[in-house]
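The form predicted on its own is given below as one chain in structure tokens.
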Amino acid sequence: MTTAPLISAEALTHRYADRVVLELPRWQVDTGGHTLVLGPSGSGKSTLLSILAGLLSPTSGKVLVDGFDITGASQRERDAWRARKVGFVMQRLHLISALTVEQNLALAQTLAGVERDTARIRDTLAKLGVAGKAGQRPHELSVGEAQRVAIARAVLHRPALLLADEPTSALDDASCDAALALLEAAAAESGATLIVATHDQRIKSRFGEPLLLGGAA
């Protein structure tokens, strides 16, 4: 029995004014797969991830994610679907400064429409090595700790799709390897399909054939 791909994109394009920033004739990603989207700055990587997350409507084309027609849905439908099904680690981590780490994660559960589960929060933090930071606020964390918390928030509700936008570009080699290992482990633990978008050539060896944008090689 053939399993339908988690992501299926057809004739996907996006423009900003007169400039085409993304052109993707056909692309599929299998359920549970780990895929690298590789390209220089401005090649459309962040645009693609924003479309996959339902944050941005493409200029043309169709995208199905886990059977959900993103391009045919209303913004309200996309927002509700994203909260349930997508975990997104953005370049800017967007942790709420007034809340503790645990409160940031509890808010993520609320927004996902699931019951607050303190045990799940603490277990996820522990698996990512930041259990002792639950009561601290974002400004009290190191860059690496904040990144781990952002990953914890993204996988807390066991998403079908885990997206990471340039998660290693500002990291040294050791921290780069650690960040990718965390994302891979978090995706495996939650059963998520992982999509990493980057211009960082160091991580190509961790993935299979990448999706190349903007003339990347």
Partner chain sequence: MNILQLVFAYLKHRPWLTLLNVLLLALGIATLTVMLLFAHQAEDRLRRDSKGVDLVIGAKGSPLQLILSTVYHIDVPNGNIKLADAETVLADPMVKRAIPLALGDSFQSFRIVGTGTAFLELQNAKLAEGVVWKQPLEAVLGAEAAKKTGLKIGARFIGSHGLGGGGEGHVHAPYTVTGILAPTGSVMDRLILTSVESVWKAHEYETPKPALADLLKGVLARDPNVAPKQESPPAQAKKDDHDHHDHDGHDHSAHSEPGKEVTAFLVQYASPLAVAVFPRMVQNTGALQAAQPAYETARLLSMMGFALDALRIFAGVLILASALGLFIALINALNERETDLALMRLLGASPARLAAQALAESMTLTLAGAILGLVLGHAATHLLGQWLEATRQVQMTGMLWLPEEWALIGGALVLGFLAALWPAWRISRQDVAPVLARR
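Positions refer to the first chain, counted from 1. A quick note: this is a predicted structure, and the numbers were derived from the prediction, not measured.
Quick note: we don't show the form predicted in complex with its partner chain, though the next part is all about it.
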Does every residue of Lys127, Ser175 and Thr193 put a non-hydrogen atom within 4.5 angstroms of its partner chain in the predicted complex? no
Heavy atoms, 4.5 Å, its partner chain in the predicted complex: which of 65-73, 177-185, 26-34, 47-55 makes the cut? Say which one. 47-55
Pick from Asp79, Glu145, Asp117, Asp123: which residue has any heavy atom within 4.5 angstroms of its partner chain in the predicted complex? Asp79
Using a 4.5 Å heavy atom cut-off, state whether Gln103 contacts its partner chain in the predicted complex. yes
Should Gln91 be counted as a contact of its partner chain in the predicted complex, where contact means heavy atoms within 4.5 Å? yes
If you check in the predicted complex, is Ala83 within 4.5 Å of its partner chain, heavy atoms only? yes
With the partner left out of view, is Leu141 within 4.5 angstroms of its partner chain in the predicted complex by any non-hydrogen atom? no
Across 101-125, the residues having a non-hydrogen atom within 4.5 Å of its partner chain in the predicted complex turn out to be Gln103, Ala106, Leu107, Ala108, Thr110, Leu111, Ala112
